[in-house]
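Quick setup: one chain, the form predicted on its own, written in structure tokens, and binding and motion questions come after.
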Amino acid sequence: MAMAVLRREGRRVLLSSPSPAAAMAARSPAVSQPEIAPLGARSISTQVVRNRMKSVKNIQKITKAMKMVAASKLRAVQIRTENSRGLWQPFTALLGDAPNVDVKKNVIVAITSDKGLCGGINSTSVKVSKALHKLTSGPEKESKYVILGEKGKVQLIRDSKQSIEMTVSELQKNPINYTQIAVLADDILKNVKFDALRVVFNKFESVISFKPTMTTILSPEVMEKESESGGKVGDLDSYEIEGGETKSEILQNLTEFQFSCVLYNGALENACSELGARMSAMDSSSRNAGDMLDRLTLTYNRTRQASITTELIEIISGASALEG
């Protein structure tokens, strides 16, 4: 009976005996974990946090600088934008505005920016343009895009590539002036056939507010028909025409000048909205970077304090072991 118990206990001892690796580790002298770890393994966490803090600080400097640049440009563009509003408003009083006019050939002129980091102004223009394209398309209707700005082109080319008639980039590379816009408007009128031009842009209201706006310019033929049928377009016959020009020639000149004035004001309004949105976006980014920096500083201090505490515990434990 005693021998059977001894055999069972012997089997238990054999089953629970340490592995050769464990036995080798037990025979070898005690080595602390930091010594067998790679060089700098103990401080790797604080090093990562420190690098992250440095990156966030650099990003914060960039966003602050971009906000200052946008603020410095905004005031000058805002003054020019307010002055340009007086150019196209008399046309609305003279010819009226017909946003709901039903024509066969519609051309949507979407004004966007070439650069990003300016909030949602480009997405707003693209959404309004897509909605207009959907409303003005049909079995017997044709709707095309003329896109001003690289950001609008990138978004609309994904699902409306066949409908894009013309694209223009780097419109704001130089300060916008009327001569530049007049040449562009003349180029659009020569290369694009239309019954109605619908200019979509963001109207500047404040630094944090802009309003999607659409202005309609009718072709001389449609304008004459609307005038004769007593539509929403103003009655031009009530005005006295001086000179030898016919009514068709006057309507042609008025259409060209109206389109160039609307396009000039729309480009300035959109540029002003872009700068205001960029100021707001960069201000939010700077604040978020500051908040992230505060959290990273707290994490870094906690990690460093934990590392110091661990080292002190190891030193005290080693000293106690030597004394004991």
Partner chain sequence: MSATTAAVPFWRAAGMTYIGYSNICAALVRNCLKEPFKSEAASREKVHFSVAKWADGKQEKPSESPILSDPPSPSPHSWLLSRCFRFAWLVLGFVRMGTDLRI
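Positions refer to the first chain, counted from 1. No experiment lies behind these values; they were computed from the predicted model shown.
The discussion below concerns the form predicted in complex with the partner chain, not included here.
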{"item": "Partner proximity in the predicted bound form: E256 to the partner chain, non-hydrogen atom cutoff 4.5 Å", "value": "yes"}
{"item": "4.5 Å heavy atom contact, T213 and the partner chain in the predicted bound form", "value": "no"}
{"item": "The partner chain contact in the predicted bound form: P90, any heavy atom under 4.5 Å", "value": "yes"}
{"item": "Non-hydrogen atom contact A182 with the partner chain in the predicted bound form at 4.5 angstroms", "value": "yes"}
{"item": "Candidate site Q78, N100 and N202: all three near the partner chain in the predicted bound form by heavy atom within 4.5 Å", "value": "no"}
{"item": "Single option in S206, S137, S72, S169 placed near the partner chain in the predicted bound form, where near means a heavy atom within 4.5 Å", "value": "S169"}
{"item": "Answer option from K104, K127, K115, K161, heavy atom within 4.5 Å of the partner chain in the predicted bound form", "value": "K161"}
{"item": "Location of the partner chain contact in the predicted bound form, chosen stretch of 55-63, 293-301, 257-265, 270-278 [non-hydrogen atom, 4.5 Å]", "value": "257-265"}
{"item": "Partner contacts in the predicted bound form for 183-222 (non-hydrogen atom within 4.5 angstroms of the partner chain)", "value": "V183, L184, A185, D186, D187, L189, K190, N191"}
